[in-house]
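Starting off, we have a lone chain in the form predicted alone, written out as structure tokens.
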């Protein structure tokens, strides 16, 4: 009888050890976030799946993009970017339990190879490799992030659920039910004086550009004739404007900005000429 009792105890002990080892190898978290729970600077209110899809569509996310979600929550934006749009997606979440929960959601969704959610502070972590940045923060946090976002590569798309960027006007907006989301495209820094000329020509014009975020204006002086820029537009690193030249002919310029250099074309009376512009 004693021998049988010892065997039974050994078997039970072995089973208990096996269960513990199994749990250690595949940890299961019972953590479930609660709507309205407080975080470092915000409370957690999840974005609806429908609005998430509209936000990512507005940003034209594709499988060529790297998406960073600032304040990733349960990971829905990063997971959707990977699952529906094929993007590589990263999330930065301050709450360590929430970060683990979001990564678990990515595994359940089958996109753990494309999604990485890490614990961190969005004001300390780097995300400059992003081509798309998404967030659902509060207005003062958006404004605190704004200088960092404006230094990102021109053309980077920024999408915010619910809250804007103050005087930095959005380039687009979508709504769903009672919720809204805003899009900004990081503009090139073009303010200042440029020397513009046709390629293979020594004739030069002086281009003066004024800039407030993506809104631009200014003048161009050609052979002593000064004209205002008409319909000037800047979207990312693409600039376009028209002006009336010294010969009273309307010219249209479209160019791509790369640092202190622009290259593009000038359209005049149906023909096109390559142009370039530089600045000190």
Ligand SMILES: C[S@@+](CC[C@H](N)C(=O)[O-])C[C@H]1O[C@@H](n2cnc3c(N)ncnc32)[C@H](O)[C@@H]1O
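Keep in mind it's a predicted model, so treat the numbers as computed, not measured. Residue numbers count along the first chain shown, from 1.
The form predicted together with the ligand is left out here; the points below concern that form.
*Would you mind picking the one in 214, 227, 53, 47 that has a heavy atom within 4.5 Å of the ligand in the model of the complex?*
Filtering the options by heavy-atom distance leaves 47.
*in the model of the complex, which of the listed residues (92, 102, 190, 181) lies with a heavy atom within 4.5 Å of the ligand?*
Spelling it out, the residue with a heavy atom inside the cut-off is 92.
*Taking the partner as it appears in the model of the complex, which of 191 to 199, 108 to 116, 121 to 129, 165 to 173 has residues with heavy atoms within 4.5 Å of the ligand?*
Checking each option against the 4.5 Å cut-off leaves 121 to 129.
*All of 40, 71 and 76 with a heavy atom within 4.5 Å of the ligand in the model of the complex*: All three within 4.5 Å in the model of the complex.
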